[in-house]
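Encoded as structure tokens, the following chain is the form predicted on its own, with no partner shown.
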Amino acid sequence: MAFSRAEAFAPATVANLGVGFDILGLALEGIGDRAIVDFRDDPGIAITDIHGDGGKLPRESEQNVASVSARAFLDHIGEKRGLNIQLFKGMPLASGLGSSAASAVVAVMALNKLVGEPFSREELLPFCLEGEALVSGYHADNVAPCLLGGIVLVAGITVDDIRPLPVPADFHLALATPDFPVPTNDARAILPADVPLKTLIHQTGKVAQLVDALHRSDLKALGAAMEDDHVIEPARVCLVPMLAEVREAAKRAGAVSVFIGGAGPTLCALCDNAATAEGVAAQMQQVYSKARMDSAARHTRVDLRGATALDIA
């Protein structure tokens, strides 16, 4: 059944999980983007409105990840009608929370609903990747968890390359995002072009330990692996204000570990219960407050559902 109008939600995400650069990601509960789409008589795709971006995102259809993903979908099905997209941003931009991936995914999810859901969730991945590629290239460490939910291992850009990983029952997160945007391209440009063999061995070993810890629901081992990053964090620490101070405060408040969310500057603290995560989030924010730096903080869990089509009243 096709609709005259459709709406969807796509969750924020955290990529890398410390040591798993470009190959690990998870979806966050309660944070994300919404989109409303409908067909129009005029050809082309129009971004009719974007809420919550402070006017920073492009309205031109060729430059917005939501419309680029939608275009890939429409071209694939041979749809000639024009499309309106309203986008509601529910997370700060350039924060390490997968903002571009959420925009790409939410537009495609809503559009799939609009035309009667001819594709499964997994089959929507290629269209979403077209939008994400506009900002950060063809990689699915944010798009895959946003679309599919949970914690995922991403070994490529096809569905066959993506594997769901177990989510421990006591896996909670505290997040703190300082008002200090870090564009993905800037965060990538600062990374080392070459990694010594000894460092590579260390890093791959820690990724293996992280995956093993998830399967055993061992948060202590998981946190240790997440923090033992010898490649990405050392390069990006200059882009993440007060990382050492926030990590120390979070651990004093009971966090298991603290790692950079995606490209940053969001810092993520792994905790073993909701009450601790709430207190850790407050302490992380207080570090920034004392430094007279604005920030947003919250506690959350892993979103197991991923992107969802919503009913319009």
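Numbering starts at 1 and runs along the sequence shown. Computed from a prediction, not measured in an experiment: that's the story for all the values here.
Beyond the structure shown, there is the form predicted in complex with a small molecule, which is absent from this document and is the topic of what follows.
Checked against the small molecule in the predicted bound form, the candidates 188, 216, 81, 76 yield a single residue with a heavy atom inside 4.5 Å, and that residue is 188.
In terms of contact with the small molecule in the predicted bound form, the residue from 89, 139, 121, 71 that brings a heavy atom within 4.5 Å is 139. Relative to the small molecule in the predicted bound form, residues 15, 236 and 262 are all within 4.5 Å by at least one heavy atom. Interface residue remark: residue 209 is not counted as part of the site for the small molecule in the predicted bound form, having no heavy atom within 4.5 Å. Mapping the unseen interface onto this chain, residue 203 falls outside it, with no heavy atom inside 4.5 Å of the small molecule in the predicted bound form. Note that among 262 to 270, 47 to 55, 34 to 42, 247 to 255, the stretch whose heavy atoms approach the small molecule to within 4.5 Å in the predicted bound form is 262 to 270.
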